[in-house]
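So this first bit is one chain, no partners, the form predicted on its own, shown in structure tokens.
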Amino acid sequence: MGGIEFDANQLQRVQTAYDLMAEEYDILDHRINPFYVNGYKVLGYFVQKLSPHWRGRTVLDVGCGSGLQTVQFAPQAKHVLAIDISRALMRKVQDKLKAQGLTNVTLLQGNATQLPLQDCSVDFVSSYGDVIGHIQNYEQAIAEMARVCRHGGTVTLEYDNKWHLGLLYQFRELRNAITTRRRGDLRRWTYEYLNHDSKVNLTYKTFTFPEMQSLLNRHGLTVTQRAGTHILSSLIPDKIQDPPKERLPLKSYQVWFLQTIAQCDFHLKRLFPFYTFGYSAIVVARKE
């Protein structure tokens, strides 16, 4: 896939990287990381829009991170199961739950390809934050989400889109995308720690919509909704919207500009053909 392969120790590499990120995972100030804040707004919208499918029921939050969606589910869900590979992030979730007095959440530290749950045991499965792209055996993870979801239940996930407007000036990635027909390619994401003098490079998988739809269909999941995130903002270079730490915090005019673009993106998120060119994509599927 474009000359890039998953790391031989992908699972351990991802776990270690997110353990180190845990201390700074929730720095959600627009002047620090507007790219993530803008994306979380769309995710929050879908959590609430889909509430008739999970309110009063059992929810599974796959790749829960520091619990950004977990704490949205918990006040109205019957029970929430939250799983992540990072122990440090699990501690962050635990702290949030305690601070908010939420007692209907079970935390599970583990691998999305081996969910420790019975068949058809949950009503709603959510996996937001581009979790699926970090998993080498991504189809097994989708199979597991489908397995534990009851018939008539909902599985919704966010994934990195193969095609986005930013490829117009990212010529290497555009070339790799063109050479991988009918499926997404592998790319590298570099994260610079704010609290450590180091960086980490992680391999992640992108998907086309037909590819993702096929994966879901193979495991009894039928797509009912789709949307895009970071549509127009994908045209903005990373060094501006997710800048190196020596350029933080952003200036007020930069924040205004990025928030304005993000507001446009928010209105375009479900409009064809705009959502097909988002940096990330969201799908909602029903288990037949």
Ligand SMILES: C[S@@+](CC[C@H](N)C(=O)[O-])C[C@H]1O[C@@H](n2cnc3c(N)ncnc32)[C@H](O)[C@@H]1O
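Just so you know, these numbers come straight off a predicted model, no measurement behind them. All residue numbers refer to positions in the sequence shown, first residue = 1.
Omitted from view is the form predicted together with this ligand, to which the following refers.
Put simply, residue 89 is close to this ligand in the model of the complex: some heavy atom of it is within 4.5 Å. None of the heavy atoms of residue 34 is located within 4.5 Å of this ligand in the model of the complex. This ligand is not shown here, but in the model of the complex it comes within 4.5 Å of a heavy atom of residue 128. In the model of the complex, residue 110 approaches this ligand with a heavy atom inside 4.5 Å. For the options 68, 235, 261, 250, the residue carrying a heavy atom within 4.5 angstroms of this ligand in the model of the complex is 68. A single residue from the set 77, 145, 135, 82 has any heavy atom within 4.5 angstroms of this ligand in the model of the complex; that residue is 135. If you check this ligand in the model of the complex, you find no heavy atom from any of 50, 54 and 153 within 4.5 Å. With this ligand left out of view, the stretch that reaches within 4.5 Å of it through heavy atoms in the model of the complex is, among 60-68, 252-260, 239-247, 226-234, 60-68. Heavy atoms closer than or equal to 4.5 Å to this ligand in the model of the complex belong, across 162-177, to no residue whatsoever.
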